[in-house]
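Coming up is one lone chain in structure tokens, specifically the form predicted on its own.
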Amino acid sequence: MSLFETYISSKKEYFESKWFEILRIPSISAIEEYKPEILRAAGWFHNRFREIGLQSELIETVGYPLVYAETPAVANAPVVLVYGHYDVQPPDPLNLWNSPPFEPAIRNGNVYARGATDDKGQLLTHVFAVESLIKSGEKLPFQIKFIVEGEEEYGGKGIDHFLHSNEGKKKLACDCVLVSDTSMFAPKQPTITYGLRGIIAFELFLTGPNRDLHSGVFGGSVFNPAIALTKILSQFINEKGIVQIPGFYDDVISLTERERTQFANLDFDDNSFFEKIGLSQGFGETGFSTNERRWTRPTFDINGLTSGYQGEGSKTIIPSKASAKFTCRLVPNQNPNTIANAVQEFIALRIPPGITWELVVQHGAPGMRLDLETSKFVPPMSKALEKTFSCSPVFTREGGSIPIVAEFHNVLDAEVLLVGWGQDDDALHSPNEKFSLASFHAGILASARFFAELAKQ
């Protein structure tokens, strides 16, 4: 056993205690009253980096501060940038939590708390890995940097602005971005996620009469905004799951045969997958498997609908207004701006007489895909994962979006390694969020072994 492995083995309780410290800070970025807690969480990471011997600084942004840290630079050697976020989602609804969301509780080998897996626990595996290497006397022949943001759950405007600045491009310059904000394909099955979908989000507002109308007096003589909204939305996708926006699929890159074979060989059962979420069967674009649909195909989804009377009983009105929130998940090579313009044109052609409308584009980000054939960092990570979990990693893509990750890839011209330690039932963004203690400690060891493997090269 190496010195750093011995150190990691002896510090399990210490690592857990530090993890619990940051979990107790309710760093909710979406709610203004929690700003002091956000700043406290940023300070916690800043101090943690300095305690383990890294140069660290708080970087002010147009939003919440970034925490930057680095080991000494090494000439003519690779640079690895570790990315994560210290903010969390609101814990609501509180009555569904089995224990207080900001007081870590251990049950059945899991730690339950908001931020346990998304992303404080996963991020800390890399922090503790670097600490273990430094404290055990390992000399790293390359540089490791950290950039930790406080608005990933609330748009990420601070880091996006910084990344595109001259200062940001220089400070964050690297060859590889290491991110743990995803999940393993199955328990004890290490996973390298080599692709993410992008996203473009909208809110559509329709207005008809200047007030709610009596549906008996006015029914049949004016166009109902709620009917207009549902008619428009129903035309976005057909019964085969194919999005009807003109040009929507023009830039979509087809899956390779290797990818389709790779996904087909995964230990995945459709029936079990849908049963977990209370469905008897799935739905989606014809000609693709469930995993291909959710990882590699673009989508249209309605996220929320608002119109008319929502209270108890009946109120026979024609509502004045109707609105909907909807998103398109995008795949690599699709341009969010192009899709936004196409959606605008699609709606404009379908607005009925008497209805005024506004489409708000809320946020967008492209997808990304790593070329596994040419990657310099996948081989050492694969070795580290196999040594830690006693089996080879599987390679998957992710249906979700981490907007800044694609920007790292494009702006820094760096490889992105997405290696998560969580599970798909960890209840991210939901009550009773959890993270396995075994996965937390395995993540620390695997991360340290990755850096050690990279050092050998």
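When you see a residue number, it is the position in the sequence shown, counting from 1. These numbers come from a predicted model, not from an experiment.
Note that the form predicted in complex with a small molecule isn't included here; everything after this is about it.
- Among the residues Leu163, Val111, Ile199, Ile192, the one placing a heavy atom within 4.5 Å of the small molecule in the predicted complex is Ile199.
- At the 4.5 Å threshold, heavy atoms of Asp426 stay clear of the small molecule in the predicted complex, well away from it.
- Although the partner is absent here, Val419 sits far enough away that none of its heavy atoms falls within 4.5 Å of the small molecule in the predicted complex.
- Though the partner is left out of this view, Thr182 does reach within 4.5 Å of the small molecule in the predicted complex, counting heavy atoms only.
- Using a 4.5 angstroms limit between non-hydrogen atoms, Glu415 is distant from the small molecule in the predicted complex.
- Contact with the small molecule in the predicted complex, defined as any heavy atom within 4.5 Å, is confined among 125 to 133, 371 to 379, 217 to 225, 150 to 158 to 150 to 158.
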